[in-house]
Ligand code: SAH
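Take a look at this one chain, the form predicted alone, written out in structure tokens.
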């Protein structure tokens, strides 16, 4: 795509901010108006949800978790798995009661699931209480779309196959001041055969490096301790920029910002993960020694059918080099079991890769067909019950490895960022190590947002437990 078609102008952004004022004026008889934004799915969706909250705040809305109190409800959806989709339909059905009790309530469905024509048609015909449906490409026009619903008193569907854009300067509401998400690019060019994302989020488009660095600097200067850079494939960053700039270069620029903070990133596609990236990570003091590197399968035939464009051998070489440079690095991954046509032996190749790599943690899924993707049309002779057996073997292997890794830290002192409060009275604080490992602690809530040194006293499969030894700042 041509760069000038991707970057929205200041006039286009101003137009949306003007629509925020128009919505506020239309609702001046509701001074205490509230909105509920519920987000499902990936971190990019979370970042999108925070942008929409920013726009709603500009329109004069406060926020609530109670759908019965909300004047506007925004359901920000995920399209990765069928289970998530069915959950959304269930939620939409339940909202008929809130709408009946409050007829002036506006219900909005947005995100990846909403971009699909079949979903929009189903909502149009079966969920007539939903007022506004729009996909990721139209999110920047949310104020204008909502204004249209209020002014015209009719339903609006905006799911056109638009080219993707980059909207700089829209407001954002960040939840908490310890961690922040920063999108560095949008869209995806990979077309993995099982994935709907490229069809609903459009082609890859990178934000200007100066804008990303500026946003990170402002966050760090405001006291944010941890920033996660987001993209469907951060390793493709910069390919569409006019200047020579790749993701490793961007990391190096952000690392130059003074302060006490950590930079994480996801997701990192193995086909584009370079030695330069790993070398930049190793020498950058602020870049966490943590790498989420989705392998999806440990079998080369399955990887080819998935259109992943790397092999088991090249993936293992990346892992080897990463550990050579950063022996302490924490590795995580995504894995799909039961891809169409995958045999038991091929699934066990994935289990053997897990045994070889010894990940710190995994995000694991049984294959879920997504209509409109090539994989959905592939023969799939194995039953869900058979795939569940293979999946359980994978979980058994990874749970054992995770437990062993966590146990190896017992007795050690580690630097952590205390990032939240938990409901468990015994361990009322949550924290993360530099490698992203979860550590439960007990202490004063005033410690949230501080780096501390903790002694690890116990562990289990999913987390470690510790005692605060020293507050580092």
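From a predicted model like this one, the values you see are computed outputs, not experimental measurements. Positions refer to the first chain, counted from 1.
We do not show the form predicted in complex with the ligand, though everything after this point is about it.
> Consider residue 391 of the chain shown here, and say whether it contacts the ligand in the predicted bound form, taking contact as heavy atoms within 4.5 Å.
So residue 391 does not count as contacting the ligand.
> So in the predicted bound form, is the ligand close enough to residue 378 to count as touching (4.5 Å, heavy atoms)?
Output for residue 378 is no: heavy atoms all beyond 4.5 Å of the ligand.
> Taking any heavy atom pair closer than or equal to 4.5 Å as contact, tell me whether residue 336 reaches the ligand in the predicted bound form.
Contact check for residue 336: yes, within 4.5 Å of the ligand in the predicted bound form.
> Find out whether any non-hydrogen atom of residue 368 is located within 4.5 angstroms of the ligand in the predicted bound form, and reply yes or no.
Contact check for residue 368: yes, within 4.5 Å of the ligand in the predicted bound form.
> Using a 4.5 Å cut on heavy atoms, which of 296, 290, 115, 206 is close to the ligand in the predicted bound form?
Of the candidates 296, 290, 115, 206, 296 is the one lying within 4.5 Å of the ligand in the predicted bound form.
> Find the only residue in 330, 120, 326, 80 having a heavy atom within 4.5 Å of the ligand in the predicted bound form.
That would be 80.
> Work out which of the listed stretches, 399 to 407, 80 to 88, 94 to 102, 141 to 149, brings a heavy atom within 4.5 angstroms of the ligand in the predicted bound form.
It is 80 to 88 that comes within 4.5 Å of the partner.
> For a quick test of understanding: in the predicted bound form, does each of 434, 459 and 465 have a heavy atom within 4.5 Å of the ligand?
Negative, none of the three is within 4.5 Å.
> What residues of 191 to 228, in sequence order, lie within 4.5 Å of the ligand in the predicted bound form by heavy atom?
Heavy-atom contacts within 4.5 Å come from 194, 195.
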